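Only one chain is given next, in structure tokens, and it is the form predicted alone.
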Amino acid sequence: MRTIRMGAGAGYSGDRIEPAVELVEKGDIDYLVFECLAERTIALAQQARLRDPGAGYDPLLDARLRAVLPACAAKGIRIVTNMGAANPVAAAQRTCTLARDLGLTGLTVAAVTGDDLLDAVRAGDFTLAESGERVASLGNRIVAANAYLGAAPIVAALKDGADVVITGRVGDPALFLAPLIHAFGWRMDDWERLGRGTLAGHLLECAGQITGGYFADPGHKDVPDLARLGFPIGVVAEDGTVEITKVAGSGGRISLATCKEQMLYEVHDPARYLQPDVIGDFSDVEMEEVGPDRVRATGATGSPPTGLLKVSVGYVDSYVGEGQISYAGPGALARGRLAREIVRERLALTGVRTSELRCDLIGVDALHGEALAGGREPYEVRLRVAGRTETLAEAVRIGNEVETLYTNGPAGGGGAWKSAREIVAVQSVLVPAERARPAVHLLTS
């Protein structure tokens, strides 16, 4: 039975680059997939594009492609990525420029567009799934609305001969499902195989998570050589069966436990994993260790999709001001607590209005509160004060009050730091799939 080898080169925008190089050099892969878009990432990218029409794609596009493009071109490894973010066409143009700079002429680069539904969402009568509010209530605070597209436009780009396919927002598993559909000629209504391909994509999409990165817990779930963590390879057969492995000798571990944890990651209902191409059903999946760092997964299936696309709506929610300062030595905890009370009182005295305020002693009560803060008194503490405000000016005042503790607070404060920033939040709406009109744009280096 024919197989396709797919390497996961990234699990988020700022991920390491050298594991992807290792996949290209030693993984004997057919496809290298970079999954780089979190929910807020594309909204922030849309803001960048508004400031500069040539921006809005992944900031590590240059570094990643310079590192892998020559070897991928030499070996015939095709690249699929959502590093296009808010501007896939600009990302494709930049890729062509990079290819020419590297002496790679004749490379075909495809940009997939059609996920930007900002105008449609603004004009429609949609309800935000998380809050139940109408989208209209956000007014002009909306900065982005991007639909999770499916595999079809990526398949079309590969069929057109693209060596590199760059998308904006698509379903994460679709980045891996598309090469399988293209390579094996799966029908777009073969729900069983689409479900199996979606499982393969879901297992691979977070890169180092499945090779032990997010899994590691010393003394309970030990993982070797995390500093050299290898990223996963999916060996997928024509029937959709997938084996997860990694480059021999790379750091990390692939086991039944790492694969099971990843399968359930961000899956609310394993029997109904809603994707734009298929509803994946993982409820009967069986996993088997078939060799060192090698796990086979079988039993996934699928059913027709809902006909609705999830659209992430990014909007300016508020501003957050933050300040931090450290205390160390005898009495550090008491001085940290006094500093906290001073800042709280100062914010009240000066009339700083916050809709939410946190004053935490990191390492003492920041995560679980005073209830679990017992035990030996710490030798050092760090105060963090953060507040949510309606204006940037008020957010700035929070950090300023922490900084004034240098000369107006308890003895021995040091390492003060402050910031004030706009917060882009994300909620979701469901939009009929026909409202999205994906398109493929082909460029040549």
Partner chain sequence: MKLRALAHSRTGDKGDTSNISLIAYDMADYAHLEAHVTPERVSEHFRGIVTGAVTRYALPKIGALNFVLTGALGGVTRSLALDAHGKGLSSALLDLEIPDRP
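In this text the structure is predicted, and so the values were computed from the model without any measurement. Rigid core (definition): largest C-alpha set, two forms, superposition within 1.5 Å. Positions refer to the first chain, counted from 1.
Separately, the form predicted in complex with the partner chain exists; it is not shown, and the next lines address it.
Interface residue remark: R187 is not counted as part of the site for the partner chain in the predicted bound form, having no heavy atom within 4.5 Å. The closest non-hydrogen atom of K75 lies beyond 4.5 Å of the partner chain in the predicted bound form. In the predicted bound form, the partner chain sits within 4.5 Å of a heavy atom of R384. Although the partner is absent from this view, E39 contacts the partner chain in the predicted bound form, with a non-hydrogen atom inside 4.5 angstroms. Interface residue among T97, T350, T105, S283, judged by heavy atoms within 4.5 Å of the partner chain in the predicted bound form: S283.
Screening T245, Q262, T301, S312 for any heavy atom within 4.5 Å of the partner chain in the predicted bound form leaves a single hit, Q262. Residues with any non-hydrogen atom within 4.5 angstroms of the partner chain in the predicted bound form fall in just one of 191-199, 117-125, 357-365, 157-165: 357-365. Shown without its partner, the chain has R388 as the single residue in segment 388-417 with a non-hydrogen atom within 4.5 angstroms of the partner chain in the predicted bound form.
In the core-superposed comparison between this form and the one not shown, I42 has its Cα shifted by less than 2 Å.
With the core superposed, L383 shows a C-alpha displacement of at least 2 Å between this form and the one not shown.
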